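Below, in structure tokens: the form predicted on its own, a single chain.
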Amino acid sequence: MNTEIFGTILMYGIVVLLAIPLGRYIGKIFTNQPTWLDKIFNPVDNLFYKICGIDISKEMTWKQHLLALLTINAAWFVLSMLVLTNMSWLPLNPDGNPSMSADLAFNTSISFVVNTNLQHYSGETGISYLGQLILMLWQFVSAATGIAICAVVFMAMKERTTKTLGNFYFYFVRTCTRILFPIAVAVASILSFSGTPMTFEGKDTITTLQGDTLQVSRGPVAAFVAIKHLGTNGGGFYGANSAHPLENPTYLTNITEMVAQMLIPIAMIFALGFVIKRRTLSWMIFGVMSFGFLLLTIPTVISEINGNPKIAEMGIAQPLGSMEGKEVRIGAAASAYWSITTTVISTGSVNSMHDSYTPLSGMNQMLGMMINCFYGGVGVGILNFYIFIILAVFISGLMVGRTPEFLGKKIEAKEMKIAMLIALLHPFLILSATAIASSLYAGNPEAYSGWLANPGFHGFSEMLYEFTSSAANNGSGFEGLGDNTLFWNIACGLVMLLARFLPIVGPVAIAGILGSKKYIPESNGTLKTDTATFGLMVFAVIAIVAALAFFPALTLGPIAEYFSIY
């Protein structure tokens, strides 16, 4: 157990050590400063610009940036639908997997285009290699759109007055070629050399040590898994995700995948400080996010290594901790650490089954997604946190009698209205959708009996988790839920669609409006926003606005389940 704890500390330490220089590198890419990869990727970037007819010297307003983002996402959705509904007769299908139904293809296409990667299918049997490759491409571009639009907000936060904020396609292409692709190649190489398959051949026949003959699925797994973690996409090439021994074969691959999914979200924090030249602000944001992350992680690890009390009552020893749904080769502590990381970071990949966790651990996993700004997904994590900074600035300014200002720009009624709408949208989508599902099930449990493997408190948690995961662009699930139905495919698809783009529109609109305002230099009357005191204020706003909005729902689910066990 001590080794497992050391492993979790090691993984987090490696991430922070790598994120600081990577953040500086990302900042240079956003500001078009020379980097050591220019000689390799300048010709590649220019080729993309030429083929697509992009003039990167043409700067865009914040509205034009959003129009570009929404347009290309719509095109990707249509292409994905065409491929997924016709996989059975298209090439690269050696195992003969069928095409998806329209509702499942709708859910899957939205899921991967919006960086959620919620999967209501099992990869071994539900999708062809061509389908996997298309979804792998969306894992690159959906992550790149989040990072690119975050770069737009960074440009708006600089100490100046401007209506134009660079070129969206410039940020997008450079993110793909200079950030995601080279790191994904490095991660995929480690996975491939560690035993993760990387082939286009079909299933392989093997004989186990017991003498049984099995058909084992293969495919371009290493490449898929690399970008799914690096882009905080989630999902899995196999149904068991990173609990599968081919998707995550060793403890080295477990560390690699863990580091990959945390790397860019934390690096973006330091990239912000580099771009706007306020390093102390970056450290304040990192401190608040890390404090929240640890508040969720430490209790979860402790809970899982202590085991399940109901099993202890049966006289069964649990020297390895609560191991239901976990891999022995990974252990309870490392599994618990992954479960919080993947829900806080918004990756959604799993190396254990979240449905099997003890009640409060499941609650912490949901809280990570409900708060959705402790690190968060690539790009959008910073955007979510930006909303809470705006709210905290306004509230703090009123409390101390100072004009609410952030980075030299006055926060006025328009920005506050947008910020509050976005802050309340997240709980509204999750709670209203869960209420509809609960009402349907409670009204006719026989008709919807296939939905829940566990009725009662845990069954409610399964439904709450599914919509929380959809709204947080996460994609993990309490897999006791029978989710491949018309209702869940359409409902989750709509929640994912609204929860991805509206929270992007809000911060970009605020940043664009503030960027066009007159810059006011700091004075003795200016509220400092890069101090520990302001960091505590931001954390308090997050706790009040985000966490408490979900307390009644959590009371009906994991908290009630906890008191029924202990």
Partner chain sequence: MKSNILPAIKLTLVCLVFFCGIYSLIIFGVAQFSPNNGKGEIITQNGKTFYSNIAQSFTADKYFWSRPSAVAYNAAGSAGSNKGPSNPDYLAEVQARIDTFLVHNPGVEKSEIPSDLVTASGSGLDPHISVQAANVQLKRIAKSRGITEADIQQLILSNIEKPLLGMFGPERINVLQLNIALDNLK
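Numbering follows the first chain given and starts at 1. Just so we're clear, the structure is a prediction, and the values are computed from it rather than from any experiment.
There is another form of the same protein, the form predicted in complex with its partner chain; it is not shown, and what comes next is about it.
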| item | value |
| --- | --- |
| Contact flag, D103 vs its partner chain in the predicted complex, heavy atom cut 4.5 Å | no |
| Partner proximity in the predicted complex: C150 to its partner chain, non-hydrogen atom cutoff 4.5 Å | no |
| Its partner chain contact in the predicted complex: A540, any heavy atom under 4.5 Å | no |
| Residue contact check: F428 to its partner chain in the predicted complex, 4.5 Å heavy atom | no |
| In the predicted complex, the one of A75, I302, L486, L294 near its partner chain [non-hydrogen atom within 4.5 angstroms] | A75 |
| Position in contact with its partner chain when the complex is considered in the predicted complex, options I390, M136, C492, M370, heavy atoms within 4.5 Å | M136 |
| In the predicted complex, segment of 123-131, 463-471, 434-442, 405-413 with a heavy atom within 4.5 Å of its partner chain | 123-131 |
| Within 4.5 Å of its partner chain in the predicted complex: residues from 314-330 (heavy atom criterion) | M314, G315, I316, A317, Q318, P319, L320, G321, M323, E324, G325, K326, E327, V328, R329, I330 |
